[in-house]
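A single chain, nothing else alongside it, follows as structure tokens in the form predicted alone.
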Amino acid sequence: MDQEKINAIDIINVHCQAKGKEILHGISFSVKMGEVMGLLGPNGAGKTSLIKLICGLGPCSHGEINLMGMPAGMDRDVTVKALVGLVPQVNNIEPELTVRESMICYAELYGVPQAKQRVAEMLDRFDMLSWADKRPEQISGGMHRRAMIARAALPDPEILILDEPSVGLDPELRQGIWQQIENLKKMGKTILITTHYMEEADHLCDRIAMIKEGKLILVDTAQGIKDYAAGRHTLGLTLEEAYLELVTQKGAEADGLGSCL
């Protein structure tokens, strides 16, 4: 198989049910290798459910998900599991450990060779050395988020999934997270981001998938979404205005956008 033609993530007609209720309704889109893909949608749209399926933390009721051409169900093998690193919304560096100690434990758990050296390299790469020997209670929320992203990157996964990476951070700290994500992209990582900050999606994402009520609205670049949503508007829209225009439309599924997927 031609490596250049393999997508990092293929989501194919995915349905998901929980407690007898359908949460995802036939979601299909792909994430290219080395791409930063945004996943946008209102609370309850199904973003977290889709992330869980990609990470093998729940079953599809129908459809399939492939990671780099390999099936990614709950029974995925070790090779496929190693492809993905997840950074959840909740800060979870162990309170009794320093940042460095937590990262070393994580590296050893995932069998990273020369764990201490690898951690030192990551701390340096992401400008974390000055506070690496502090515990979570001694660092800011932005530092905590940066540490979690760096920790997830330690085993060198091909794909990183960042769930609200800068939630609750002030603009200055958010810029630091953005720089870290841009550095990971330069390292060749494929990145899937959920966010409610439209400026963040506009700045970071090569393309954006928008979902509402478990259904895919469209997949396009930020500019393509702005242009599509503008419709009869005489003035161009910001991404936030375009997002609101699309998610507040009744039955706002976009038809005829297969070429964008």
Partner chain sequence: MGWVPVYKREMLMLIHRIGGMGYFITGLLFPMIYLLAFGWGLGSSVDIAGGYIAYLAKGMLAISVMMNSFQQTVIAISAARFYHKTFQTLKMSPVSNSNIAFGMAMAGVTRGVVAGIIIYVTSLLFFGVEVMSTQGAVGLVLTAMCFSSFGIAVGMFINGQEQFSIVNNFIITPMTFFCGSFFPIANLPDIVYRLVQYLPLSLTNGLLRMYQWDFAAVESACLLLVITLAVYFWSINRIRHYNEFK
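Positions refer to the first chain, counted from 1. Here the rigid core means the biggest group of C-alpha atoms that line up within 1.5 Å when the two forms are laid on top of each other. Please read these numbers as outputs of a predicted model, since none were measured by experiment.
One more form of this protein should be noted, the form predicted in complex with its partner chain, which is absent from this view; the next part is about it.
- The listed set 225, 53, 210, 36 contains one residue whose heavy atoms approach its partner chain in the predicted bound form to within 4.5 Å, identified as 53.
- For the options 26, 59, 236, 42, the one in contact with its partner chain in the predicted bound form, meaning a heavy atom within 4.5 Å, is 59.
- The stretch in contact with its partner chain in the predicted bound form, judged by heavy atoms within 4.5 Å, is 96 to 104, chosen from 165 to 173, 124 to 132, 187 to 195, 96 to 104.
- At the 4.5 Å threshold, heavy atoms of residue 150 stay clear of its partner chain in the predicted bound form, well away from it.
- Taking the partner from the other structure, its partner chain in the predicted bound form has no heavy atom within 4.5 Å of any heavy atom of residue 66.
- Although the partner is absent from this view, residue 178 stays clear of its partner chain in the predicted bound form, with no non-hydrogen atom inside 4.5 angstroms.
- Taking non-hydrogen atoms only, residue 84 approaches its partner chain to within 4.5 angstroms in the predicted bound form.
- Along 156 to 179, not one residue places a heavy atom within 4.5 Å of its partner chain in the predicted bound form.
- With the core held fixed, the Cα of residue 94 is displaced between the shown form and the other one by 2 Å or more.
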